[in-house]
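Only one chain is included here, represented as structure tokens and corresponding to the form predicted alone.
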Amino acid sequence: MKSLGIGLIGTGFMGKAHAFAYRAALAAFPDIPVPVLRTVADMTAAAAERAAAQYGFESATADWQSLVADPKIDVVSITTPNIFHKEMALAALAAGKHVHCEKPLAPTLAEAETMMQAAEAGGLVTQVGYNYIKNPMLKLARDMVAAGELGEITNFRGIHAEDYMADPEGLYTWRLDPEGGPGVVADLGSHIIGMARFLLGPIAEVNADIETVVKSRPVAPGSTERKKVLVDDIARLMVRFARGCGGSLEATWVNSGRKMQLAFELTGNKGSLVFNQEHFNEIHYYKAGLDPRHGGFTRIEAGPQHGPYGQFCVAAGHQLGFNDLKTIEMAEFLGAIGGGAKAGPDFREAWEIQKVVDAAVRASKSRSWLKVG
């Protein structure tokens, strides 16, 4: 089996998830190209060396450009803050590398388009880190919609709520720097937008109310100096899908107590589906027209019958985890590089998601409905 040299830029939360996923992918998906962990890069040599030792990379560097230029590296994973995505991705694509980049793809729609065009011009495989849609339950939901099991879709309600910015005394971080793009509408909103598109297709129009709740934050622990916050904490979108139905999407990183409420209710005239990432090994299905004495939502539990769950465990109810979804994502990415089916979301799909984010920001300012793109 062909091998692929892997270069990883960034060793934080998502860098660690990428390293785990590359190491696990071959065990669960033995037909993909063999990922060989070549080099990991971080801002300091010490951080890179720690990651190399922990995750099993052959070498470490504080110079990401040397990683990109290395002929032994075929694939570059970018897990840095958004502001660095464009420069790193364009350099990797110019060097003929396949690129995985975390979301959102870029701070602005124009930058995302430039990245997408470069990838397609070079004929290279790209992927963006929307790993939640790799859930077998989400694939089941999309299949049910496509097969007409829910009938005509009439409404979609989606939310991505967390609380990592809920403390008003929480520090000002890179996520709040407007140079990196909008706030929660891009950071978490892109997940629920991408999920809505995955299930129902393109979003044609949007109206939005985008709000900054915490107006300033301390610049350092114990500091009295505060910095003004110029990005959003809550985004509320009304949307109209190209297929004809409407819906609502919400993103917030200030919902106290919420750690991972990435959820939706999808309604059709023959049935409904309800999903919540907080219990992501199950989905609830309501089928219209049953005897009302024993009607109601039925819980569908993930198992080997919902591929690729069986690649990880032969027993239903034993459950997948976050890193398993990342492993599925990486396996599909590597498989596509090896000549298998295109998986995505690629840079083009990430650009389409960013169109909705951009339209929402503009719609909030104009207080009006806008066409996407």
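On a predicted model such as this, the values are computed, not experimentally measured, just so you know. Residues carry their position along the shown sequence, with the first being 1.
Missing here is the form predicted together with a further copy of the same chain; even so, the following discussion is about that form.
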Does any part of Pro168 reach within 4.5 Å of a further copy of the same chain in the predicted complex? Heavy atoms only, please. yes
Do Asp42 and a further copy of the same chain share at least one heavy atom pair within 4.5 Å in the predicted complex? no
Taking a further copy of the same chain as it sits in the predicted complex, is Arg240 in contact with it (heavy atom to heavy atom, 4.5 Å or less)? yes
Are any of the heavy atoms in Ala69 no more than 4.5 Å from a heavy atom of a further copy of the same chain in the predicted complex? no
Interface residue in the predicted complex among Leu200, Val254, Ile133, Met116, criterion: non-hydrogen atom within 4.5 angstroms of a further copy of the same chain: Val254
Pick from Thr108, Thr79, Thr267, Ser190: which residue has any heavy atom within 4.5 angstroms of a further copy of the same chain in the predicted complex? Thr267
Check all three, Ala121, Tyr172 and Lys355, heavy atom within 4.5 Å of a further copy of the same chain in the predicted complex: no
Which among 97-105, 224-232, 83-91, 294-302 is in contact with a further copy of the same chain in the predicted complex, heavy atoms within 4.5 angstroms? 294-302
Using a 4.5 Å heavy atom cutoff, which residues in 126-153 contact a further copy of the same chain in the predicted complex? It's fine if the answer is none. Tyr132, Leu140, Asp143, Met144, Glu149
